[in-house]
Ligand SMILES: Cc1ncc(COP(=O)(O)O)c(C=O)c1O
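Take a look at this one chain, the form predicted alone, written out in structure tokens.
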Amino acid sequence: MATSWSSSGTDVHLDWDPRTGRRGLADAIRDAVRTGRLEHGAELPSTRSLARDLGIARGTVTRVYTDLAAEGYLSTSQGAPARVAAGGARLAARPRSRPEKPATRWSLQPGQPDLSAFPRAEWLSATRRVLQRTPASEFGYLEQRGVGALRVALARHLARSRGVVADPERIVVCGGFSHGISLLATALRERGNPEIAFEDPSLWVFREIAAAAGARISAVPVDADGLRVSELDSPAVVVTPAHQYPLGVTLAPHRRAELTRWASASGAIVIEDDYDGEFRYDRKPVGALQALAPERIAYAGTASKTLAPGLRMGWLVLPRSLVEPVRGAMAASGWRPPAMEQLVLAELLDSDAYDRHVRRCRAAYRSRRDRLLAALPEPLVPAGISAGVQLLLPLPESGPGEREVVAAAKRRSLTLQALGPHWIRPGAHPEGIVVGYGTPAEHAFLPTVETLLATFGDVIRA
């Protein structure tokens, strides 16, 4: 919300959103000074009048004025109005601290959970317990595989919830799947296996990361039963067996058995990306593929969908032959997930707070999915609805096309992701829209769905 004030003959536009609070107001005044809209010597409103105009506490404005005076933007004195300090307008060279405004008002971008559902109270409580109980030695330089307490907690959790054969000695904590695939690609390349096959379609970001780590990328098609194992001819393959991304199919039982036989017979490595295995709605959970061949399958999981991608917290459960190569790649990268976050996650896992949070999210996302399905118009038949926080809306051959839908969405200030960029092999492919219904905050979910429906109403031909 843009806000203006008028005082002492000065009319100044403040680009301030009340939701940003005191810091946002300070940023808005700094910006007005830097850009010269508030000139040297300009008088600012009194704290009382500005608080009244903006509908906020007078103490908030007083604090902002005090902070800006300490930074050299304002000059204040007892009984006199605050003014822009001499030289204050020349501070424009300082970088702006205010984040850029989002490109759109609404978003159904896949790959992100509802960030407003992050369990702040549980995280804070776990942090306090960690600080009270953890010896100082735990905050020293980290072992490359990650904090021992987290690896032990993950081993128990993954064995119980996903059926993973998980030994703490085989676990490497990493910075999400993007970091994990980079480590694996590096380790495989250095072992003489430079090629990695990906499902076609698959998320292009991970292919680019693997290629940047030196991998040669090949494609294996996916059908209604998942990856076509018979077309595999690579020393390694990345799969999303529980809920294929982005098509949403589940790897069929006969394909699971075929894939593990292929890996065992050929000596290949299967990289299982279990990115949303916790969220299955209409049938029993699909266990991890890794349990069928623990020495041929590297299991990858993250907290990106269950907690928040900004934590950059993931884990690899590795075949024994890959533990040292991946540990070495981690050491060479020079980066580790911070110890504090690892210890807090371990505490959440051990206290069952993580499981309770996942159960709440599972119920909330299932409700969202059901409301979205009930709202979709008849020409749209969604796929991949049994799990996860996204679904696929295949587009009819008669139109509209992906570009038309995405352009219409942009006009309505809605972010959508097309299926097209996910394909590896060139040529004609089915078109569709990948809808991330987990992304909006709960209060914004229904308005976002209404915007989606209006978008399709703009482009669907009668």
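Just so it is clear, the model here is predicted, and its values are computed rather than measured. Numbers follow the displayed sequence, beginning with 1.
There is also a form predicted together with the named molecule; it is not shown, and the following applies to it.
Quiz item: Heavy atom within 4.5 Å of the named molecule in the predicted bound form: which of S178, S161, S107, T134?
Solution: Result of the distance check: S178.
Exercise. Would you kindly say which of T260, T76, S304, S218 lies with a heavy atom within 4.5 Å of the named molecule in the predicted bound form?
Key: Only one option qualifies, and that one is S304.
Practice problem: Select, from the options 247-255, 124-132, 77-85, 296-304, the stretch whose residues sit within 4.5 angstroms of the named molecule in the predicted bound form by heavy atom distance. | Solution: Stretch 296-304 is the one.
Quiz item: Would L203 show up as a contact with the named molecule in the predicted bound form if we use heavy atoms at 4.5 Å?
Solution: Because a heavy atom of L203 falls inside 4.5 Å of the named molecule in the predicted bound form, the answer is yes.
Quiz item: Is there a heavy atom of E347 no more than 4.5 Å from a heavy atom of the named molecule in the predicted bound form?
Solution: No, E347 sits far enough from the named molecule in the predicted bound form that none of its heavy atoms falls within 4.5 Å.
Exercise. Check whether G111 has any heavy atom within 4.5 Å of a heavy atom of the named molecule in the predicted bound form, and answer yes or no.
Key: Yes.
Quiz item: Might Y275 be said to contact the named molecule in the predicted bound form, defining contact as any heavy atom within 4.5 Å?
Solution: Contact with the named molecule, yes.
Self-check item: Residues of stretch 42-78 in contact with the named molecule in the predicted bound form (4.5 Å, non-hydrogen atom)
Solution: Residues within 4.5 Å: none.
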